[in-house]
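So this first bit is one chain, no partners, the form predicted on its own, shown in structure tokens.
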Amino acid sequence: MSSRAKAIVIGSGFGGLAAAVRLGAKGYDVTVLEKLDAPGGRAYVYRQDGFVFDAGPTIVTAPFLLEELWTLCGRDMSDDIDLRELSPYYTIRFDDGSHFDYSGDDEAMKREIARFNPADVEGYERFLKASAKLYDIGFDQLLHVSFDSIGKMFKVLPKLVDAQFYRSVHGLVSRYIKDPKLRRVFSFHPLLIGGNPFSATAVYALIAQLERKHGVHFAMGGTGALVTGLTGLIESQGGQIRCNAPVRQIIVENGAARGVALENGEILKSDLVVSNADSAATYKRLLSDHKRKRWTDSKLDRARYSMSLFVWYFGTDRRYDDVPHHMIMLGDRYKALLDDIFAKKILADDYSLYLHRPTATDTSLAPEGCDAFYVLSPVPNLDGNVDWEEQAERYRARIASTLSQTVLPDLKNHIVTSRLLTPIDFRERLFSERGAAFGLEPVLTQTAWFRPHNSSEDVDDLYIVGAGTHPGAGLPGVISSAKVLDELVPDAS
């Protein structure tokens, strides 16, 4: 057995994989434990009937965060991963059939804006300055910092106030842009990390600047190629990944995490534990026998959780070459629909959709002459009373009808493979509290110090990474949560 200090990582989502690489670089003997039969967590890969479907994240917006992990292992990411920058980033389609091509080209963006409202071109430029200020503070200065004391929060508060962080994203956008459709174009980004544009703090307006600075990319072979690359890094460091190994309990001795008990009864001891499981589930389920002072069950029950997702993966026996890689299809309602999802928690008759067609960029993900798709609809988490056993197929059929009538003509006659993911899957398969797809909702009172800390407040030598801790959901967020460990975890002795 290795004499090196041992670290256990629970969960092999991007946060867990990135944490394992960073711990390996610090000299730890790392074991990653994954509940499912393959690594990836939300970035699991489904393969069926010759089609390859990325289960979750599809957008890479900060490739340098990934490159750092390869550099830690003395390797070059480009040797393993082929990233392609997309243009446009997204095509945003409105209910009346009009569309907006969202890209990183400033002049092209101004031309797109002018098609809707020429007067908003100047407002767009002012919005970019506001977004850049938030990016400089929120991304460059705070993303990789541990908020383990409220003093750190107060130290940056004046800068955040000056950058208008107290507004919602939609509120900030509306200060500068007047056209209703353009307000939707520049405020939808919080939905990518589980937030409501009308309540998510304006800090998340930095996403627009992040995309502008670093682009929107796709990994050839799908996001699963990144998972494969990261597992290769871990193994090259001498670490191991064990699948089909669900954790039942984190072992606490004298107030410190000292290993885990698996569902099969096996005990694994370690010097520290990192949980990439949902933060609420980590405390409520994996530490159910441990008395907690801060993250008690009652506190977690009172917290606000993100929306969930309904995802339909399907393949067609024909190609739809007019459909771009990323399309956002906005319904007729915007704020009222978001109220239904986040506040009323009801399944509305209408919806907005994200349509992903990876075969627009990588034809290897489907048989020759075919297309692979997934379509995602934000839906209420399981605090709502939707009976998904009854509603799932009906909801899918409605979405299929909408797609057939708009961008995928005659769709029903060309589907050759299909599968669904509902909020129940997020709860049962992905261990997410209330089936929330992104953990805690990114509102002001659940940001930075107010989120579960990266270094547990209740158990020594327990660290939290992933969407449910600082800085939050999204690929840059969960990878950065692992980078915070550089500050918190000592080098292995």
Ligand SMILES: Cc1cc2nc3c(=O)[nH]c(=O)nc-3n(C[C@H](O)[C@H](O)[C@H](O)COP(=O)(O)OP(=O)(O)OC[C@H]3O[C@@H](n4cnc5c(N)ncnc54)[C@H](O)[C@@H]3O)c2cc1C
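When you see a residue number, it is the position in the sequence shown, counting from 1. The structure presented is a predicted model; accordingly, all values stated were derived computationally and were not measured.
There is another form of the same protein, the form predicted together with this ligand; it is not shown, and what comes next is about it.
The candidate stretches are 73-81, 379-387, 308-316, 266-274, and the one lying within 4.5 Å of this ligand in the predicted complex by heavy atoms is 308-316. This chain lacks the partner; the member of L462, L33, L440, L69 within 4.5 angstroms of this ligand in the predicted complex by a non-hydrogen atom is L33. Contact between T58 and this ligand in the predicted complex is found at the 4.5 Å heavy atom cutoff. Of the heavy atoms in A245, some are within 4.5 Å of this ligand in the predicted complex.
By the criterion of a heavy atom within 4.5 Å, R429 is counted among the residues contacting this ligand in the predicted complex. Although the partner is absent from this view, P471 stays clear of this ligand in the predicted complex, with no non-hydrogen atom inside 4.5 angstroms. Relative to this ligand in the predicted complex, residues G15, L286 and L475 are all within 4.5 Å by at least one heavy atom.
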